[in-house]
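So this first bit is one chain, no partners, the form predicted alone, shown in structure tokens.
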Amino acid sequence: MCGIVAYTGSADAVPILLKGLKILEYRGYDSAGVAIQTSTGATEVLKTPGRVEELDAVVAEADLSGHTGIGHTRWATHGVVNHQNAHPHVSCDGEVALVHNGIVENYLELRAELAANGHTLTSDTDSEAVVHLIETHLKAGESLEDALLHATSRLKGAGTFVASARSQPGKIVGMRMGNAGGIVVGHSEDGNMLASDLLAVLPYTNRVVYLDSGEQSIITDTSVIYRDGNGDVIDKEVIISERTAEAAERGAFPHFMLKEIHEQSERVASAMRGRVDFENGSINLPEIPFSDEQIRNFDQVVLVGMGTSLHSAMMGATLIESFARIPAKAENASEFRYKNPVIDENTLVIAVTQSGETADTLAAMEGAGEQNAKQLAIVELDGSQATRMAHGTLLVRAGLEVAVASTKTMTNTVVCLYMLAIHMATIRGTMAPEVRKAAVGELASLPSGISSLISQEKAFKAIAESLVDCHHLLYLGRGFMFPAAMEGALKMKEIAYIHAEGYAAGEMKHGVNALISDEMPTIALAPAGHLHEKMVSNVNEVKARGGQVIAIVTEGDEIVPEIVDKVIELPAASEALSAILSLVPMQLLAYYTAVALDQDPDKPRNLAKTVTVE
């Protein structure tokens, strides 16, 4: 969601903040701003609705410079998009500048209290209440860090806060409250940084620390101090990040999304490296912290996620239930957190989250922890909050994903769930050795299968261009292909802004048939498998009602191509791996449809990469 960057050190803070905000554009935003402590002792605030480029122009015209500053890109939750609602917010006396990511649930009562006490609030945001609370505590003689600590103690909700004070030059304080948002602290010889995302720090240092809930970081040009929720100084281990700033570059690709689609063959191989023993047909996952006895005693598995991660979880639930023979289900994290689920110490809860910072998923994990469930996080970002809450972590190894619409992360996540299902099945003795070896061996052909599909992207582009005049699309699938259909529809909605629905094909007679016409094309996922004949019947239902059908089939299919309008062929594979392979052409269909409609696939409107508020 919102992007935060802060710096204090020997260099000019302004270009560092602006570069950081540009790096964080992929998170989504509608306005941007900076607050800089200048050499005159003043705090200058410049902000504007729109892109960081517009802020850049405003800053250049003002000839702004200084060694300490905070920057922000806002994604509106309270108040319209305008100048006064943009961050940073400033206290009445101009003493405090603050940026915030998250939601203050009791902001209305706080604003009323502050107004009654003589404060003048100039925005419609929940964030502004916090800066006035800090002002109150500063006037009582507190340090900036104590003032922020006491101000946040009044808040309901979760969020990330970064503040500076004119009377305490060269100091910036950051704090994380609850599971929303996140703060990474960058340590360097030339100064220190705070940011909401590692990417904004990497151009300057790879020595980082992640804040946990309730923790503060107080940075100056030469020091970094950490405190807990009681204000006591604590030690935090500095991590050396293996990521590089160059990983964020597009290279020769016009968009990050296309680059990331093309990376999938290599990244899938990375997910399997060291974990798959093809010679012996086995899976080795030393990251899994549970004993064989615990795995045998699990009586249910619950996978939680949101959006693309939920679709991955749906595939994972089917894999675990099929292979390991444990009752398994996927739950929308935003619903699961409120439903008082029946789970206990014999339940394995698997949190599927690319960033490890998705607010609803973290809340679901917190609830699962309160009921003593065992927890595993399947994430990309090591050190994220989900990895710290879970008993163990299975990293998906997809690499940096910048485009808002997830592609390679989902592919790698499902591959990891596939390996996990085999791992659990092996321990529980629910897969015959020859079946297990076949399932493991099939993984060897997955990277080349993905490559072969990407090599056909010109054909997918032509199909995509035929969809630009459509206002509605239907995606149909069964079994493993049902969540794949939902994911294909989500991609089309996210970046091409075409209304699309992913549906279980068996549900057609229960309402969907009423929508079918020649104006709503259907993408039918009908590869080889035990449900192939059922899908053939579903395709015939669509054609009988005048619908246009684009079918995704297994190469060599002699039935479906004869009755549909266009065909996309997948390499021969099992049903589970066919579902993974099907993601690639659907990603490319959505991408090229968006491009044909002159939409930016990397920055879909109203969406953000990481959803750190409820």
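Predicted model, so just to flag it, every value in this text is computed and none were measured. Heads up: residue numbers just count along the shown sequence, starting at 1.
Absent from the display: the form predicted in complex with fructose -6-phosphate. The rest refers to it.
- From the list 284-292, 104-112, 324-332, 301-309, the contact stretch for fructose -6-phosphate in the predicted complex under a 4.5 Å heavy atom rule is 301-309.
- With the partner omitted from this view, the residue of Ala364, Met193, Ala405, Ala313 that lies near fructose -6-phosphate in the predicted complex is Ala405 [heavy atom within 4.5 Å].
- Ser355 is the sole member of Asn412, Thr152, Asn538, Ser355 with a non-hydrogen atom within 4.5 Å of fructose -6-phosphate in the predicted complex.
- In the predicted complex, fructose -6-phosphate lies farther than 4.5 Å from every heavy atom of His72.
- The shortest heavy atom separation between Glu494 and fructose -6-phosphate in the predicted complex is within 4.5 Å.
- Contact check for Ala500: every heavy atom lies farther than 4.5 Å from fructose -6-phosphate in the predicted complex.
- Contact annotation: Leu490 falls within 4.5 Å of fructose -6-phosphate in the predicted complex, judged by heavy atom distances.
- Residues in 80-100 all lack a heavy atom within 4.5 Å of fructose -6-phosphate in the predicted complex.
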